[in-house]
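Same chain, two versions here, written out as structure tokens and called structure 1 and structure 2.
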Structure 1
């Protein structure tokens, strides 16, 4: 369960919503039990009165109070169930938001090098199936288990009040066994299978994605049929594991339902002796067994939830492992403090990627506050890795780097499938529309989007697909320029931008960036904005 601990802690950060959601579920469940129990009592009482009247014996019955109670429970069950579904599904969406935000924060802390350890197919699995396994943890597992235990205690108390303590203890023992069969028993018999099946499903999903991505190569090699047959064998093996887990879950579900029915039969048999002794009436004798039968509604949710708990743990373990933060491993060998008036200080840096030779060693750089430094180097010289190190995304293998908070324009343009406004506001959420138009004018895009019907609310498409490469790059540059960070790191800021536009933007950036510290990286001097000095890598 330790793998689930960080995610459970995250879920429990909304105790108010969880408590209200549990109360709504309890209201729906108690309304259902009340409807069953009161209906059973009313039908029995009506039948007994009918028998007495048929025998010409005096008998009376109050039709209004129990009839009103039945209508109340029927309406309250419907209303509470509707409100519960609406409220708890909204809660699940909020929990999903919390989980995804926490996940992306873990990814940001993990560093780019660590994120590259997994393929795209694996990350797709993490961000979809593994997250989905966690977002319904409360609604599928935690709340039903707690409610089943609570309602079982309530029925124990009801049995004690209506019958006696011995019968109540016996009923509680049977229900306790049913609870254990539906929870601990299912988990013990399916945890390993579910975890193994989760891993197999991930492997199969990765294989299918890779099959689709490499379909042309497989076709050229004449191996489409063989690889497809291998995928079918893997799918059959996964389905076999699923059948095994479902079969065990089904048997435990049947066992728990059998025990619930046994508790109802025992309560009826034991209560009949009390009825013969005149200690309880006939309708009361029927009320309790029917209420016990109503427990099947909540108990039936438990075996499936605990049958998937092993898979949920496996998903949590994968997320914890692959999104871990290597803070202890990324600490520099010696901490360095920024001298007064310094925006960035790098001392004796050695930067390398795992299983590769160092890109450069013994690199020193001091950038003063307000200074603009250009760093030049040919492709593969390590410019982007150096920028990653300055921004804190990549830990140096030797030496140390320290700097002011920074905004970083990475070499690869990243735009979200959203509006222009939403993409720009990522850099500074409080920015006004006037400032947005100012920065768009600076990167020579104001006229381009001013002619669009939606202007700032223009949809950019997937990864900015509605824009040219140069336009997408300038939107990303504008987003970074809007950031209030005192240090800007710009890696190839003018990729895809023609020379006249680049010169125009450079002149306008000089005024916008006055007093701020800028480190620009490019392959040639013509691709740099205005600089005070230039550092050449590989020299």
Structure 2
């Protein structure tokens, strides 16, 4: 349950809304119960009076109050149900926003080292199914559970008043068991399956992706059928577990319905004794069992919600794990003073990923202000980790690094689904359009976007103008070049950019960056912009 705690706290930040939503649900439920129970009472009363009238005995009946009541409940049931659905869907959407924003802030607060590198598909499932599991937690689970408990107590009270305390206690006992069967009973019997389910789903997804990526190799080796059959077995196993959980949930639902119906039968049976003793009237005797039968409506919402609780907890745990806050791992960084005229100083650096051999050890580097340094290293040598360390994204496991404020072009090109202008202004919000065109000119994109109808407002990303890998890289480069930071770190700045363009950009960059410090990292000398000196990594 502790996994859910931060999310529950978030949900409970809107107590008023939750309360009103629950009240509306209660109103809808009570209207339904009231309609049937009052109708039952009314029919029994009229039957009794009818018998007397038929025997020409004097009898009176007030038709207006029960008739009005029945009409009122018929209308109030419809209206309250409609308003309740609308209001609570609004609440769910509000909670969705709350959860997303909270999640984003949490992620932003965590350092890159703490954030697990997830694939796009994994993020998509985190942000859709996992967040969905949480935003409907209130509507599916919390509110119905509270409601079921409350209405059960209400009926306990009603039984006490109309019948007697002994019968009320017995009914409450039966309903208590029904409640347990529909809630913790389901949870206890499905939680492990449900929690396992999402992990299985994730590893199945990974296996399918691998199968598809290796389809050519597997086909060539004549193994695609065998491997496919293995995948089918994995999928089948997951599905079988799900059937198990579903059918357990179904049996619990049936069980709780059984108990509710039995409580109604019991109330009728016990009520007859009171009726025969003349302690209650016939109409009252009928009213209570019918009201009890109506409980099935709210109880039937519970088993499914509790059957999914295990999965919801797993979702919450995943979200917690993927964006745990960084105060757990923050090592007290050895701050080193930056000597005068130095842009970056790294002393005795060791960078390693947890449980891996260090990428490199004892790395020293001093970069003077205005210097252009190139760092070369083959793939897997830890170039990008070094750049992360310089920019402060990654804490070194040994040694220290400190530098001037920097703008950092990461190895991965990241552009946002937004306008070209918004993408460029990220690093320097105050830049004028003239400046923007100048920098686009420099990365050889001015012509490309000059011919677009929307110019600087050209929409980038999947729904907008499609950029090639090289073009996207140059937009990202332009964004870093616009930043006023005195130190620039460029990791593979020219990925996907052809040689002639690369040369052109290099030349123009030299002028633009006059007086600023640049550290560029690449796999080969021809992928570096102009440098004063080159450091070879990992030799």
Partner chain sequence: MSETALDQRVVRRWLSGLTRGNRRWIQGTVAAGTLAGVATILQMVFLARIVHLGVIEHAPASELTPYFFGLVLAIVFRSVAQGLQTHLAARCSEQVRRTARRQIHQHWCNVGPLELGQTSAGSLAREWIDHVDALHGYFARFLPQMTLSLIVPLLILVLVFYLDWLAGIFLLLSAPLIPFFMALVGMGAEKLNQQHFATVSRLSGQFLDKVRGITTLQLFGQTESAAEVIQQRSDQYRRITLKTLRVAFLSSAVLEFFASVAIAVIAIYIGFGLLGYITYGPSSDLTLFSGLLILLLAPEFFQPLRILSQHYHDRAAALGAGAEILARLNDGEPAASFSNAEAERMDAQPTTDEPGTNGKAIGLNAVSLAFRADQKVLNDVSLMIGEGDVIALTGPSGGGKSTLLNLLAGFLVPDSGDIHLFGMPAGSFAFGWLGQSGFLVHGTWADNLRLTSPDASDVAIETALRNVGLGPLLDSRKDGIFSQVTEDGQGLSGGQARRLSLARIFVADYDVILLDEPTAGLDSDSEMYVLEALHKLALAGKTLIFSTHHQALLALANRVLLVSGGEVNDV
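Residue numbers count along the first chain shown, from 1. Throughout, rigid core stands for the largest set of C-alpha atoms superposing within 1.5 Å between the two forms. The structure presented is a predicted model; accordingly, all values stated were derived computationally and were not measured.
A.B. asks: Is structure 1 or structure 2 the form predicted alone?
C.D. replies: Only structure 1 matches the form predicted alone.
A.B. asks: Does residue 219 shift between structures 1 and 2 by 2 angstroms or more at the C-alpha, the core having been superposed?
C.D. replies: For residue 219, whose C-alpha is compared between structures 1 and 2 after core superposition, the shift is 2 Å or more.
A.B. asks: Once the core is aligned, please say if the CA of residue 483 is shifted by at least 2 angstroms between structures 1 and 2.
C.D. replies: Superposed on the core, residue 483 moves its C-alpha 2 Å or more between structures 1 and 2.
A.B. asks: Core-aligned, does residue 160 move its Cα 2 Å or more between structures 1 and 2?
C.D. replies: For residue 160, whose C-alpha is compared between structures 1 and 2 after core superposition, the shift is less than 2 Å.
A.B. asks: Once the rigid core is matched, what's the CA displacement of residue 210 between structures 1 and 2 in angstrom?
C.D. replies: Its alpha carbon moves by 6.5 Å.
A.B. asks: Rigid-core fit: what Cα movement does residue 443 have between structures 1 and 2, in Å to one decimal?
C.D. replies: The shift comes out to 13.8 Å.
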